[in-house]
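Starting off, we have a lone chain in the form predicted on its own, written out as structure tokens.
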């Protein structure tokens, strides 16, 4: 095969980001914004027709190295804003892993892609969890470290472990508000790590995030939006205590609350996006726009990583 293509969805986190790095529960849903990748054999790395430095494309480099490839001609088409907290990096790793594996005639076993994509994310960004990559690979919804259900896969690294289960995405309406600020995941994860190591209170905050996420899972399964929303807002307040929110995120969260059940930042924070659970998406969109954010409604239940036509 001379060319292989794949695509994967972005995601948002309902509850549990950052705490999940330390083995606590988390819940994420795939969204209807995807990145697609097309790969051909090439002696060096070329991205969208231009020569690319492998060191500046660590996700691709790691996966190519794993498959013994010196390079590849890659075309990408992304509908996920980079640095938005919507899993653009994880979706790239998942789609690229699938495409490279297809090019080499290898298995498209989702558990293998999930592990390979997580290793690429870890290589590129350092300490983290397999939440984003698992959501991109499986699609629909995933829960990490929540008892019950059938495990999709278990992933271990550096003495930490995560049990990943699939969940059916509930029929809920969410509005994402993008701050326009690109924020890298690695520095935010490192900020929480330093805070946790230097202050016992941070460990208590992480424990509380884990507890409310367990409560939130039961709300998700019951489609209890009135109960889930306040947990999202509480999760945001706790993440702000950990130092990963910012003024722009706080403004968008507060603006959306009169029109929603609850709202919170999603992803690593420091910028990126927030998400609101609502029955009034138009009202939330207007409120977010009025405070300088870029709103859009997202559809859940999106399929996971999948082969597709070549990117043009």
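Computed from a predicted model, the values in this text were never measured in an experiment. Residue numbers count along the first chain shown, from 1.
Form predicted in complex with a small molecule: not shown, discussed below.
Mind telling me which stretch in 202-210, 225-233, 183-191, 101-109 gets its heavy atoms within 4.5 Å of the small molecule in the predicted bound form?
Comparing against the small molecule in the predicted bound form, the contact stretch is 183-191.
Is residue 128 a contact residue for the small molecule in the predicted bound form, using a 4.5 Å heavy atom cut-off?
Yes, residue 128 lies within 4.5 Å of the small molecule in the predicted bound form.
With the partner left out here, check for me: in the predicted bound form, does some heavy atom of residue 273 sit within 4.5 Å of the small molecule?
Judged by the heavy-atom cut-off of 4.5 Å, residue 273 is well away from the small molecule in the predicted bound form.
Would residue 298 count as a contact of the small molecule in the predicted bound form, using a 4.5 angstroms cut-off between non-hydrogen atoms?
Residue 298 lies outside the contact set for the small molecule.
With heavy atoms only and a cut-off of 4.5 Å, decide whether residue 256 touches the small molecule in the predicted bound form.
Looking in the predicted bound form, residue contacts with the small molecule do not include residue 256, since no heavy atom lies within 4.5 Å.
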